[in-house]
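Have a look below at one chain only, the form predicted alone, in structure tokens format.
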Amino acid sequence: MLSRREFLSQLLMSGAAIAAGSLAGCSFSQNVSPLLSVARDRKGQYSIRIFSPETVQQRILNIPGRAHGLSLHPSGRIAVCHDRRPGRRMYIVDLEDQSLSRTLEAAPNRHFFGHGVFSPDGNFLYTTENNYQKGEGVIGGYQVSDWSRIDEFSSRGIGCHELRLHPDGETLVVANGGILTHPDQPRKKLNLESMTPKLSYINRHTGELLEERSFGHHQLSIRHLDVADDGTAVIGMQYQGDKTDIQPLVALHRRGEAIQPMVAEDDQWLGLSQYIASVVCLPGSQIAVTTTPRGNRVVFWNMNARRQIASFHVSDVAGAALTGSNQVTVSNGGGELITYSYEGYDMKEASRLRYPDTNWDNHMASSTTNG
């Protein structure tokens, strides 16, 4: 059986012309992984793309509207793309034949919040969803063998957004953003004065709440996160208060302790424009990466010192994903892919590539990271 990297490399080496929406022949170095993301073209057509961070080659799978995060199955043969709120679709991508194999609809009175994660054995998918009749976040459980929705339990908050699997394999780490929404008013935030954001640790089998933490200002919405090898959660936030307020937008949490903010100067926080889009922890290190499209910054953080170690200007920066040994790639709304290499805490730009007629969306997944 092919390894995940061998499989995806062969996938991206097959196909026909880019204009036809398939892959031209290409090859990857052993240290670089192909990527997946949602994108929009100049005509407003949204698509899921499988593409190279090295050369302009891609597979385009059109979808009817804007989607958000992607989850990669542990086998590397399947990816799931999740609608953003108030979307009601999930798209199952068959990476073996490079097709959309199935589209799933949300359960009655539910919509998706844009993220999901697989169990370690790949038998189950967990998604963040809205019970909009009750105004409560829920985690939907899907059996991968037939994609049936077999379970649901409370996210323990309102407006659950991104979730990750803890390294113990049993615990879901959930960013409950605290923002109440309803599909009748799709993008309106209905409870800004009474928000209660939470970081919740939930047993994926029973739905039991194992630990819960709040942090800072009640309008500091916990939206995105990643979990490092040692179980440290790094959270990215989006502030819903006054535009002139200065708030810490990135923090970390270790089980049994309080959430600790990263340390930055006031002008550094202001430069992030109160909005964190993607969070990635780099394996085998104590480094986390965050992106902010509104602040046009990609920032590298030292988790031990809780401080910035590097910051780069990238216009409308969006997704971030590990793409190889000591390499991370970010995307932006201008179709660019910028790869950074790191040695210890020394970060530098390694390459830059631009896909024409492409507006990358907020998240990327690679065969090295589980979306």
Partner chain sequence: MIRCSFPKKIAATITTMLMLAGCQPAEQEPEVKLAISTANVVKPLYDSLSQNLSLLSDHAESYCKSPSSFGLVEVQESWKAAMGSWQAASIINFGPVTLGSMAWKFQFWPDRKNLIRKKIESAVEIANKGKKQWTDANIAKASVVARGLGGVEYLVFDSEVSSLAGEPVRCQYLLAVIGDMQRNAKRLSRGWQEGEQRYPEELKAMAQQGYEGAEELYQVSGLLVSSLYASLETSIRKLKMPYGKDDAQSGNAYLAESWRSQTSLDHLRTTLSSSYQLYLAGEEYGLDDRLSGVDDEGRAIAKEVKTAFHNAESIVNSETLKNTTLTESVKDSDKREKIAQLIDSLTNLKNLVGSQVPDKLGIPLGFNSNDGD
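Numbering follows the first chain given and starts at 1. Quantities reported herein were computed from a predicted structural model and do not represent experimental measurements.
Beyond the structure shown, there is the form predicted together with its partner chain, which is absent from this document and is the topic of what follows.
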query: Contact label in the predicted complex: Asp242 to its partner chain, heavy atom within 4.5 Å; finding: yes
query: Gln238: touches its partner chain in the predicted complex, heavy atom cutoff 4.5 angstroms; finding: yes
query: Interface membership of Gly271, its partner chain in the predicted complex, 4.5 Å heavy atom rule; finding: yes
query: Partner contact for His253 in the predicted complex: its partner chain, 4.5 angstroms, heavy atom; finding: no
query: Contact residue in the predicted complex, chosen from Arg204, Arg85, Arg156, Arg110 - any heavy atom within 4.5 Å of its partner chain; finding: Arg85
query: Of Pro293, Gly140, Pro248, Gly116, the one that lies within 4.5 Å of its partner chain in the predicted complex (heavy atoms); finding: Pro293
query: Contact segment among 34 to 42, 320 to 328, 337 to 345, 299 to 307, judged by heavy atoms lying within 4.5 Å of its partner chain in the predicted complex; finding: 34 to 42
query: Tyr46, His161 and Asp266 each touching its partner chain in the predicted complex (heavy atom, 4.5 Å); finding: yes
query: Partner contacts for 65 to 80, taking its partner chain in the predicted complex and a 4.5 Å heavy atom cut-off; finding: Arg66, His68
